[in-house]
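One chain follows as structure tokens, the form predicted on its own.
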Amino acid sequence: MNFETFKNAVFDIAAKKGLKNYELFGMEQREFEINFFEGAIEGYKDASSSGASFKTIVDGKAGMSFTEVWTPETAEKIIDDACENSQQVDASDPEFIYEGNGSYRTFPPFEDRYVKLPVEEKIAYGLEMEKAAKAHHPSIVNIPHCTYFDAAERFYVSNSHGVHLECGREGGGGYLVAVASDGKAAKTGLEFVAQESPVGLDFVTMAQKAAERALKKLGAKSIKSGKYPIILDYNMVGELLSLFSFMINAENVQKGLSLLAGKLHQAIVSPAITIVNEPYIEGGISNIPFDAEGVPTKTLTIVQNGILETFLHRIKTAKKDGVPPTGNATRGRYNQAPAIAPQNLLLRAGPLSLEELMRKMGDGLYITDLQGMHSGANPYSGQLSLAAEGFRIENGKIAYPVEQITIAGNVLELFGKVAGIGSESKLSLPSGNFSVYCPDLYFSEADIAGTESPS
């Protein structure tokens, strides 16, 4: 039974039972992944799943239930289970069903192109990655991680207010970790590539970049502790923006968990910073025309010239704040309750290339790696204490690689010191169920702890 047939069965039964306010959410997911090591397949995953959740509101109380089987029997069961569950819910924390009063942007049709690629071609991509990284330089001694991946999702939202929506999205790519050694120390370099279509995916260049990242770190040394101007690589900016996404989540704000509570329409970062949620970016893997509650997604300016303009909402949090929903409900799986997240979190680019940022900075640090985000970055307070690697910049040019340093401070205070913005917002390392696009950023000052003794 497909979702349309299942939906019709659910709606027929719900009407016969006299339900007036209900929603059916469906999801189909496909994941494919191959891991390679030493020219052979080390791991293989090809999995598909589907399921649906039913939510109904009875006497002001919302009940929800789930099924992974779409049959007439399960259609009646998830309705009965949801009605029963609604009686166990605290009515003081209400849920809502979208009433369908918005318009939807037209997205390109879902084509599911990756599933049409022969498995042999996908294997060839992975082997090509590993070979390219190894051949890049004799000092590349190991490729501990080499992965090809692709995935596709289809979403369905239908409710008793006449909302009937369907869309799909897909993406694929690869990532690789290369290890370089000079006989004294070993360094790693990570690179990845991901996009909506398999057409034009450049696995060779990606693998060579990973190898080059590792090579450039050889011969690294520490520096003296102090305050330094720094440039953060766009991938590291993306790491910090993922932390920022926690702070702009309206549910966290309402629970008193966000540092940004009470700061709406106030300056929170440098006036050079503008951050936007984009539901569609060409070639993106997180594009979607509606959220997990059926609300239309839209371009949403979160921070405009340093001023916090809005939080991200789903219907429940928007009702609580007396504002329209922003279309940011999300679900990782059909059996998870809606959460809040951006689709594509975009920090607007500026006018300067990386080389121009370095010349503008003159002397400082170019940070390309941050470690310990899960333990060293607190999303509640914004405090950071992260091990870092990168390069010493002298007279506007890279002088030598740097290691054994720590960057400390507060993420909002750091973003208040932006002195230059890179000219291209690029997809940063994956961040869960949303994408982050950002440029390199130049900060006028950061607290750096090193191990080199003061002279």
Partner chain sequence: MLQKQEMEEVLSILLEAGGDFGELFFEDTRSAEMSMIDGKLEKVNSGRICGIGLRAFLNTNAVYAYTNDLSIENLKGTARRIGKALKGLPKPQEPFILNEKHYETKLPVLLPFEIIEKREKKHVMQMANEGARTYAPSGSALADLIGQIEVSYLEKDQYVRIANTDGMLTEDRRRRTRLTTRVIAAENGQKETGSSSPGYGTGFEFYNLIDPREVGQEAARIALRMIRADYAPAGMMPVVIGNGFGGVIFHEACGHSLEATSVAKGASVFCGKVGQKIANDCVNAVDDGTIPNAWGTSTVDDEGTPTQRNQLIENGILKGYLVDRLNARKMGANPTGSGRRENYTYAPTSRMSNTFLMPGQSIPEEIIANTERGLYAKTMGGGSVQPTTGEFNFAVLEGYLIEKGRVVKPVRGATLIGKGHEVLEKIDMIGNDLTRSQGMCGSISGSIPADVGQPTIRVSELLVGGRNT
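Remember, predicted model here, so these are calculated numbers, not experimental data. Between two forms, the rigid core is the largest collection of C-alphas that superpose within 1.5 Å. Positions refer to the first chain, counted from 1.
Below, we turn to the form predicted together with the partner chain, even though it does not appear here.
Legend entry - Any non-hydrogen atom of Lys116 within 4.5 angstroms of the partner chain in the predicted bound form: No, no contact at 4.5 Å.
Inset, instruction - Indicate whether Glu84 is a 4.5 Å heavy atom neighbour of the partner chain in the predicted bound form. - result: Flag for Glu84 set to yes.
Inset, instruction - May I ask you to check whether Leu264 falls inside a 4.5 Å heavy atom distance of the partner chain in the predicted bound form? - result: Close contact is absent here: in the predicted bound form, Leu264 is far from the partner chain, nothing within 4.5 Å, heavy atoms only.
Inset, instruction - Determine whether any heavy atom of Gln404 comes within 4.5 Å of a heavy atom of the partner chain in the predicted bound form, and answer yes or no. - result: Yes, Gln404 lies within 4.5 Å of the partner chain in the predicted bound form.
Inset, instruction - Assess the spot marked by Gly226, Gln383 and Gly450: is the partner chain within 4.5 Å of a heavy atom from every one of these residues in the predicted bound form? - result: All of them do, each having a heavy atom within 4.5 Å of the partner.
Inset, instruction - Would you mind picking the one in Ala399, Ala419, Leu429, Ile41 that has a heavy atom within 4.5 Å of the partner chain in the predicted bound form? - result: None of the others qualify; the residue that does is Ile41.
Inset, instruction - Would you mind picking the one in Glu251, Glu76, Glu278, Glu170 that has a heavy atom within 4.5 Å of the partner chain in the predicted bound form? - result: It is Glu251 that has a heavy atom within 4.5 Å of the partner.
Inset, instruction - Heavy atoms, 4.5 Å, the partner chain in the predicted bound form: which of 355-363, 191-199, 281-289, 218-226 makes the cut? Say which one. - result: Of the options given, it is 218-226.
Inset, instruction - Using the arrangement in the predicted bound form, list in sequence order the residues of 360-380 with any heavy atom within 4.5 angstroms of the partner chain. - result: The stretch touches the partner through Gln371, Gly372, His374, Ser375, Gly376, Asn378, Tyr380.
Inset, instruction - Please check if Phe391 moves between this form and the one not shown, taking a CA shift of 2 Å or more relative to the superposed core as movement. - result: Superposed on the core, Phe391 moves its C-alpha less than 2 Å between this form and the one not shown.
Inset, instruction - Note yes or no: does the Cα of Gly420 move by 2 Å or more between this form and the one not shown after the core is superposed? - result: Gly420: C-alpha displaced by less than 2 Å between this form and the one not shown.
Legend entry - Core-aligned C-alpha movement of Val69 between this form and the one not shown reaching 2 Å: Shift of 2 Å or more: yes.
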